[in-house]
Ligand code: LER
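Only one chain is shown below, in structure tokens, and it's the form predicted alone.
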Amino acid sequence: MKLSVVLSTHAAKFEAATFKGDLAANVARIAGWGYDGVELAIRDPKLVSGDELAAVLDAHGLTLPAIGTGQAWGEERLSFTSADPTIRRAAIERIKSHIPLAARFNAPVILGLIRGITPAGQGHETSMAYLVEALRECAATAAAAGVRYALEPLNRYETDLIHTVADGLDLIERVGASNFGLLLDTFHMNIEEPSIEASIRLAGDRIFHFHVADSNRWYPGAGHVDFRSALETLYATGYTGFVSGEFLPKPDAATAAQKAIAYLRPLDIR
């Protein structure tokens, strides 16, 4: 089982970015605790150097398994479903701008809250039409570079758009792109899915990335999610990617990361 943890390359408001800033120091610590990779949350690719990222990761033998983009919403309110067409266009261009870095590291690009939230006065189906249009354009551009996008179903308290695996699969059908799939997250599944295992089986080979956090969004082992069952089901689908920790830095980031890997590594699921 290949394990990683989320690190934001810059300061961010998002609480569940387990580590933030100080890239070199945090990568060194993450490697020292035994992780195989570090998932990077990058608001804007222009703010990072691919050469510097590669040098830091290579120095510690770590892989970049995925690139998160949610801070474009959290910090700038860019959204695929905004009522303002200039904001929608800016969101599309920002997500397309991740393609060169993603291609360099062979990492899927995560689409979380960049989808946005239906604004007041706009119908849900209008938002979905905007979302499909944006995803088709991004996926078409990324396909030429061999880059994949992974949309994360999120719980109802964060957005009104795409809560479950079933919602995600319907969206995949509407978008119609082979390089567009899903990121599943145990925290959100615990809220929205009747069965975490059944939802994983339903998603099958459309799972492009996988996040773990416990039922309380703390590190795995701090709540009531049955991770052995969930991860055995995940790997039974043929999944070969990373299991990436995206959890609150509670009681602090270092303790959370160490407790997570101490809990997950002995499961020895493959």
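Numbering starts at 1 and runs along the sequence shown. What you are looking at is a predicted structure, and each value in this text was computed from that prediction instead of being measured.
Beyond the structure shown, there is the form predicted in complex with the named molecule, which is absent from this document and is the topic of what follows.
In the predicted bound form, the named molecule sits beyond 4.5 Å of every heavy atom of residue 147. Mapping the unseen interface onto this chain, residue 188 counts among the residues with a heavy atom inside 4.5 Å of the named molecule in the predicted bound form. Mapping the unseen interface onto this chain, residue 60 falls outside it, with no heavy atom inside 4.5 Å of the named molecule in the predicted bound form. Within this chain, residue 142 is remote from the site of the named molecule in the predicted bound form, having no heavy atom within 4.5 Å. The partner is not drawn, yet in the predicted bound form one stretch among 120-128, 80-88, 147-155, 162-170 has residues with heavy atoms inside 4.5 Å of the named molecule: 147-155.
Across the proposed site, 43, 53 and 104 without exception lack any heavy atom within 4.5 Å of the named molecule in the predicted bound form.
113 is the sole member of 113, 182, 175, 134 with a non-hydrogen atom lying within 4.5 angstroms of the named molecule in the predicted bound form. Scanning 239-270 for heavy atoms within 4.5 Å of the named molecule in the predicted bound form gives just one residue, 246.
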